[in-house]
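Single chain ahead, written as structure tokens, the form predicted on its own.
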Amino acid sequence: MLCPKYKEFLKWVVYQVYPRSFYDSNGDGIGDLKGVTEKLDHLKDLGVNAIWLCPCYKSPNDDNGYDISDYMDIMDEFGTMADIETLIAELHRRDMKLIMDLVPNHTSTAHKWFQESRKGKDNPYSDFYYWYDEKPNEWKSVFRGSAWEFDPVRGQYYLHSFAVSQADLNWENPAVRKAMQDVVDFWIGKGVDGFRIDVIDRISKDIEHGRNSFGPRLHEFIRELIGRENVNALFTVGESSVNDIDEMIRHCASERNELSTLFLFDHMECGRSDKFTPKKDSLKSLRDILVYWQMESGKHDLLHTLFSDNHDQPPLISRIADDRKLRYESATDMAAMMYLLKGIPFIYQGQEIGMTAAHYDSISFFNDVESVNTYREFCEIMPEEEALAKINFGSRDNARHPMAWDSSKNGGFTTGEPWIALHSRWQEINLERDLAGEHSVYRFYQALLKLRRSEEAFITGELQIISSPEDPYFIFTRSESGKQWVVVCNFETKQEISLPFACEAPVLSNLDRTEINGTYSPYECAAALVKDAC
């Protein structure tokens, strides 16, 4: 049985805000904290009761805020400490929560800790990072090239799992662990309600045996960071490459005093053979992975996350559904298929209007350090046109274009010059136009989240899969306290669907169904109350 605090977390609906691209309040072309505060009513009206705020700490922005130079200060472009204090107060006034993005694996090389550490071996910060006279191995950075960089000031190599300017912290040093505890406690003091923890599996390494993640002291370090009484009562979700149930249990079982839950990324591989190479796929692949994890997490009373998009991933709709002619149907069908299952919904900004992947004809439109570095490497082994096609498909910038609020200049995001190009389809896909349509992705999300919020069956109810693995559709029920709901989500072909039990008329439908049985169009979905459920 889920522990009581986990049951409370199941009531959360989290909206991920990428502040640089959400809303610009002062016309400098960069989204900011005041912009987030201005749009809280939009999120409240949608049905959201928590936001996950991507990093807003002081940063040189080599990796858009994930290279932090001061964990206890705010990036100048985003505002001030007073601005985030106001944001927290306004969230809480609306009975909404704030999840901060914690980045414990690495800092910017501009951070005071690194600047002191590079001075030599005889200062308090000397062992805050990994230093070697020679490269101890041939590890590669996630962003291409060697993970080891020679620093001429110290005369040694330091480890950077990501960009050259993101030096990995040495968690074997107790002073590092205490410093990160202080960061967590600082933000708890500001009133935050939880933390999303970036690449948490990398904080423990075994360099001698070639393990750059899931090191021997990982769980010890996690407990030391968030197992403390003042932290463990909060919501914590880890970003990790966990892909088996045993490891998830070790991270998230309530008695272990570690994370509340994890983001699991198996389904992010749907529609691609690697990050930059597409493969033909459908919603069936997504369904099969969702069912597996629903069953496994349910067996072990684990808290599950429900998400399809985030700041690192191109929209899933563009890989496994129809993001053109049937964009509305695809976006809403995927929403019902995902967010009426058991777990905590995470909605990425733009999902609520059916945002898709973008497309550009030049690398000059891209900002992401990973994309630019990868493009250069691709151009050495393939034609530029092919390299650009791969970047268009896989770039993290797909998720980072400014939010399109309306059809005015710059999509209503800013009165200035946007820091990155607007989405290539922003005039077609924006909130104003969506709301003006006969069918609206935003209105469907509102209705779905209202249903989820008002019916306990969709929060803690039992899940039963009705469809078979071979079916070209997904049917499941959620049951609680004598009420049973059925959800039908069709895939890409027209199908005749007849349920083995009687139902009321659908209360949720993306194509205005009046009967739960009958012919379903591609990507059509509906949810209805089962009659006489036991």
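These numbers come from a predicted model, not from an experiment. Numbers for residues come from their place in the sequence shown, where the first is 1.
This next part talks about the form predicted together with a small molecule, which is not shown.
Listed residues 97, 423, 311, 205 were compared with the small molecule in the predicted bound form; 311 is the one with a heavy atom within 4.5 Å. Residue-level contacts in the predicted bound form: of 400, 111, 287, 452, one residue has a heavy atom within 4.5 Å of the small molecule, and it is 400. Contact with the small molecule, judged by heavy atoms within 4.5 Å in the predicted bound form, is confined among 458-466, 251-259, 74-82, 158-166 to 158-166.
In the predicted bound form, residue 319 stays away from the small molecule, with no heavy atom inside 4.5 Å. Residue contact check for residue 396: one or more of its heavy atoms lie within 4.5 Å of the small molecule in the predicted bound form. In the predicted bound form, the small molecule sits within 4.5 Å of a heavy atom of residue 199. Under a 4.5 angstroms non-hydrogen atom cutoff, the small molecule in the predicted bound form has residue 143 among its neighbouring residues.
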